[in-house]
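The chain below stands alone, shown as structure tokens; this is the form predicted alone.
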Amino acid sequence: MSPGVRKLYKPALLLLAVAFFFGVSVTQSYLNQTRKEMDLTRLAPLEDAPPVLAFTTQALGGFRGLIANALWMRLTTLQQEGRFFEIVQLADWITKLQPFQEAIWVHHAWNMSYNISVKFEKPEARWRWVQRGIELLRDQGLKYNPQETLIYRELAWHFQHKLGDNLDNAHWHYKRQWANKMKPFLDDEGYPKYDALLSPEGEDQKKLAQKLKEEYKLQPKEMREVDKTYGPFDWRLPEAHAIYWAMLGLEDAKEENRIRLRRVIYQSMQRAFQRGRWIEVAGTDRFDLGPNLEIVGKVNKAYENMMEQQPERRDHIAIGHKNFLKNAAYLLYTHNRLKEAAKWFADLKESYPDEISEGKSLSRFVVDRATELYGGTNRDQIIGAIQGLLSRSFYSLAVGEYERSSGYELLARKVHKRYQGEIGEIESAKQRVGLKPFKTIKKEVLARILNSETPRFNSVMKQRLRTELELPEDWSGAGPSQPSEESSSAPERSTGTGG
């Protein structure tokens, strides 16, 4: 290399490096703008982020993906080896490396709540993992992705399905644990203490309102809007919370994503209608669930709105709507709310005339449905159906569900009367396949309940039955004293129609 060329060599390399840096700068600006338009990344710096998260998202740059891939591989190995507690730390690191990837939050929450939780036998251990899944989505995922429909939907699904459904053997434990967490914020009926939460007075109320907002991320104003629009709900139960998070997600959801949240809302409303009331069982730590009949009109409206908003899926949604109307007529009847039952039965016939045969009455419809649910058409199945309905009637009476108690007994009488009427007056048929008098069957069912040892009817509940039915302490079913055939299992009282 000649001396002249040697002199120009380094300046030329410097100019070339400058040209490359300029080219990279222009290209990077273009790439950043394109990625922003395609919503592939977040260019704005994090606000109020922990120092470690700020560092990983800004300082590591492109190396974040490589480190995250290594952690994913390690996490898979640990899960195969059953080393679940180490997975928590790895999941935390991965979400810190990729905080804006909503699918990552959803995956780790699902993994904890559904995959890892079921590896444990004890409900207490399962609940800890389910709770971690909820907290990961609610406390962290939504903090950095406040407009991501997928995270709202997954959080709502945790409440609707994992806590609300009965597919997990520990679902009763989940419901009890969540109810205990909500108890300080609710009255005895499970409704939020809106006066204290919205306008707290005194230090105790202020701390309570602050805890609701900071620990559970629940805003009283939004809760009241949920009750106003879709409820009222018993907030001890998970369906109310599923609707709450789905409704929040709708505020910023794109139109193509809104269907997923709307579906959570109307499915949760239907379940709340069927089992949306909390019923404490006297003398035990158990509880039962009853229907929330007060929201029947709003559930119906939700179905009608869904069919209007999604005309391409109208036929599919109509199947659910039809089944809801059948349930509404049946449940209202079994709660002795006959006028309301007649109203929704009429709506069923008007909306789906092919479902109800010409001339079928509400009473006949309900008896047919009860026979379908509890028994069949032969004598043994009918006896089982009547006994089951009476057992439910006495159980409802023992836990203070007077409307339901009266309704179940009324239905048992209808099933008995219909079967005897179908046999006719032929004496030989009555002797061969006829039923005992209803009065006798009722006495036998009550005697079996009072004389047997079963966790379903504990001593406190048995005493309540004796008190409500005005039976002597030593009544066992053998003597002449017995519940009146003419009166309902429940004493006469004003229960209202529930509007």
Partner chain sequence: MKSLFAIAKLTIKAAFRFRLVVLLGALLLISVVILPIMIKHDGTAQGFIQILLTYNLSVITALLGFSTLWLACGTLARDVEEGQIQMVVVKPVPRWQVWLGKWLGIMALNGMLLAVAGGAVFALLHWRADRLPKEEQQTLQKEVLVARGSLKPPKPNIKPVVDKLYKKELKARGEEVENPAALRKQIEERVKRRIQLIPPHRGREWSINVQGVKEQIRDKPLFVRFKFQTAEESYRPGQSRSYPLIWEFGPENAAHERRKMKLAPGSFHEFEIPPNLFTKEGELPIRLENHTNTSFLVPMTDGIEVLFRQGGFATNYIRGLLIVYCWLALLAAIGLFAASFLTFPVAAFCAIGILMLGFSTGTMQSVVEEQSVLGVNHVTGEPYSPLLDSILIPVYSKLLDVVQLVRDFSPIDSLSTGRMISWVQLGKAISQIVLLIGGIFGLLGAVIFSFRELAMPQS
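Residue numbers count along the first chain shown, from 1. Worth saying up front: this structure is predicted, and the values here are computed from it rather than measured.
Here the subject shifts to the form predicted together with its partner chain, a form of this protein not shown in this document.
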Could you tell me which of 334 to 342, 258 to 266, 182 to 190, 76 to 84 sits within 4.5 Å of its partner chain in the predicted complex, going by non-hydrogen atoms?
76 to 84
None of F287, Y216, W93, Y194 but one has a heavy atom within 4.5 Å of its partner chain in the predicted complex; the exception is W93
Which residue among W129, F324, Y395, Y402 has a heavy atom within 4.5 angstroms of its partner chain in the predicted complex?
W129
Whether D227 contacts its partner chain in the predicted complex should be assessed with a 4.5 Å heavy atom distance threshold; does it?
no
So, in the predicted complex, is E121 in contact with its partner chain at a 4.5 angstroms heavy atom limit?
yes
Taking heavy atoms and a 4.5 Å cut-off, does Y114 contact its partner chain in the predicted complex?
yes
Would N169 show up as a contact with its partner chain in the predicted complex if we use heavy atoms at 4.5 Å?
yes
